[in-house]
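Next up: just one chain, as structure tokens, the form predicted alone.
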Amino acid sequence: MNAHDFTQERFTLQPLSDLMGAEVIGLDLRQPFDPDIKAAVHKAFLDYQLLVFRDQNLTKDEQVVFTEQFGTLERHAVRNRGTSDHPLVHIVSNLDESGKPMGKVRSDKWHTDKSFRPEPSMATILHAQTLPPDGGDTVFVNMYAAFDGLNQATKDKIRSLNVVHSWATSREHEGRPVTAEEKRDAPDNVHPLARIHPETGRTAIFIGMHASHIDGWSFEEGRAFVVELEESVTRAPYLFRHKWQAGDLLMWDNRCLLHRAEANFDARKFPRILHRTCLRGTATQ
């Protein structure tokens, strides 16, 4: 894994694994990109699916400006809206309403952000604010590689299937029935199980915790199939673990990666706070 020096673009790429991920070295994300840098970063995003920018210190406003260079900001679900002055910046934390660590880390199940939207998210940008002294990793699954690893019969089968993605069902699986307002805000949507990436043309399995069941099957049979498939592909050959450092900002492709937070720290003692923005994608096909 050798570094790629984008001399003309004034930054260096250091691959982080053979599977996915690259560290982008030499850019201050508080400074707007010129067209050449933006194009080169976007290409790296497509090539590596996950970009890591170290030693960044962005305010919420600056994170919004950085994010908007690559597309249209996606609104968050009702429950996940940010503060009134920054509703498009979701504060990801393990804090309770009094601001104390509550012992639970949210988003600890495999998912891709906003897959329940009619135009699922293109990208997530997550910026570390407060970290535990160790742990609190984010783990990713490369769904390109997971699809490529299937036998041909399974590939052919899932290419013909669609999945119902449901915010309501995913919340219920976490033991929290949603309100009528939340259901109106985020109704169910149907997407291909084997999704063609709109920019690379590659095929990725499109599942995660919002994927409820196979469209057109009985709920029980369709749910069992989705759960079994997820369990079979979220394993070591397809995983990459990001160990957070102070100042890290991650940008990843929701169209071909799953992710989850890991509670490998004392979540009752140490706060873990990150700022999240998302970019709207396109309708699936």
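Predicted model, so just to flag it, every value in this text is computed and none were measured. When you see a residue number, it is the position in the sequence shown, counting from 1.
Not on display, but discussed next: the form predicted together with a small molecule.
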Quiz item: So which of A168, V92, L161, L88 gets a non-hydrogen atom within 4.5 Å of the small molecule in the predicted complex?
Solution: V92
Practice problem: Could you check which residue among H111, K183, H213, H197 gets a heavy atom within 4.5 Å of the small molecule in the predicted complex? | Solution: H111
Quiz item: Is R255 close enough to the small molecule in the predicted complex to count, meaning some heavy atom within 4.5 Å?
Solution: no
Exercise. Answer with yes or no whether N142 is in contact with the small molecule in the predicted complex, where contact means some heavy atom within 4.5 Å.
Key: no
Self-check item: Partner proximity in the predicted complex: L19 to the small molecule, non-hydrogen atom cutoff 4.5 Å
Solution: no
Quiz item: Is there a non-hydrogen atom of I25 within 4.5 angstroms of a non-hydrogen atom of the small molecule in the predicted complex?
Solution: no
Quiz prompt | Triple contact flag Q31, Q63 and L249 to the small molecule in the predicted complex, non-hydrogen atom at 4.5 angstroms | solution = no
